[in-house]
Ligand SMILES: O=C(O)CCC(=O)C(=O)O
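Next up is one chain by itself, shown in structure tokens, the form predicted alone.
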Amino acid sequence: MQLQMTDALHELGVRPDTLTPSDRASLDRDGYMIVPNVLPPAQAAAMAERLDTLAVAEGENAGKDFHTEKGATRLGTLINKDPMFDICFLHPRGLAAVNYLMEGDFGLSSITGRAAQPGEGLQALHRDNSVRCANVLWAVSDFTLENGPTRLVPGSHLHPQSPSEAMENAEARHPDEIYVIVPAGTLIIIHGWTWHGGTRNGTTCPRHLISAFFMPRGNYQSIAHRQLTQASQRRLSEAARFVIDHEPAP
């Protein structure tokens, strides 16, 4: 019998009560939910350190398997680069929220890293895509007011326009925006239509974020490399492979 999404999620630890009523209310009303201290500080720090190590190893090619960004170090295809990142796209709380937002129709489009460099990192407020999508974000550095935290506009997923359509300057501060000030190890899940963006890192250290981005099955980002290496195929369970919906490498 072919595996179904409900069965796969159950095998990965998602239960009817994995999302609380408060979680659902926050996603419906605000377009995001925040769960602090999901990862221990040491685990988050190890992820941030691994992102830095990968960035050095990839050098000028860093991000070319997803996209590059001035002022931020981007890394693509983390699924094939270290098993430590598996929890970022397989954590039950994250999957439960994605399943709720996407109504059961989703796969993993990309799993990427972003490190806002000192003095950089400001993004225009934006939506992640024009189709329904969900972004599971992991703060693997402390997010402080000084180091360029993510900003969000609560309730903006319900707005009929995107920030670029509704604002004269989408890089400008929005009167309703909030800053996500959280400790490393925090899980942040946003409806992909929620207006959000990075802010300027005013410190001397990079600020690290990991993004597991989910889209409707078969309708993924064209810039994402979505093939599993043989090692990843062997490592991931059948349920995990079903949920992420990646192609095996030749």
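Residue indices: 1-based, along the sequence shown. All figures in this text were calculated on a predicted structure; none of them were measured in a lab.
The protein also exists as the form predicted in complex with the named molecule; that form is not presented, and the subsequent description refers to it.
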**Message:** Considering non-hydrogen atoms and a 4.5 Å limit, does the named molecule approach residue 128 in the predicted bound form?
**Reply:** yes
**Asked** Is residue 81 a contact residue for the named molecule in the predicted bound form, using a 4.5 Å heavy atom cut-off?
**Response** no
**Prompt:** According to a 4.5 angstroms non-hydrogen atom cut-off, is residue 77 in contact with the named molecule in the predicted bound form?
**Reply:** no
**Request:** Determine whether any heavy atom of residue 93 comes within 4.5 Å of a heavy atom of the named molecule in the predicted bound form, and answer yes or no.
**Result:** no
**Message:** Looking at 205-213, 35-43, 22-30, 52-60, which stretch has residues with any non-hydrogen atom within 4.5 Å of the named molecule in the predicted bound form?
**Reply:** 205-213
**Fill in**
Only hit among 109, 141, 156, 150 for heavy atom within 4.5 Å of the named molecule in the predicted bound form is 150
**Asked** Within 4.5 Å of the named molecule in the predicted bound form: all of 114, 123 and 196, by heavy atom?
**Response** yes
**Complete:** Near the named molecule in the predicted bound form, with a heavy atom at 4.5 Å or closer, the residues from 224-249 are none
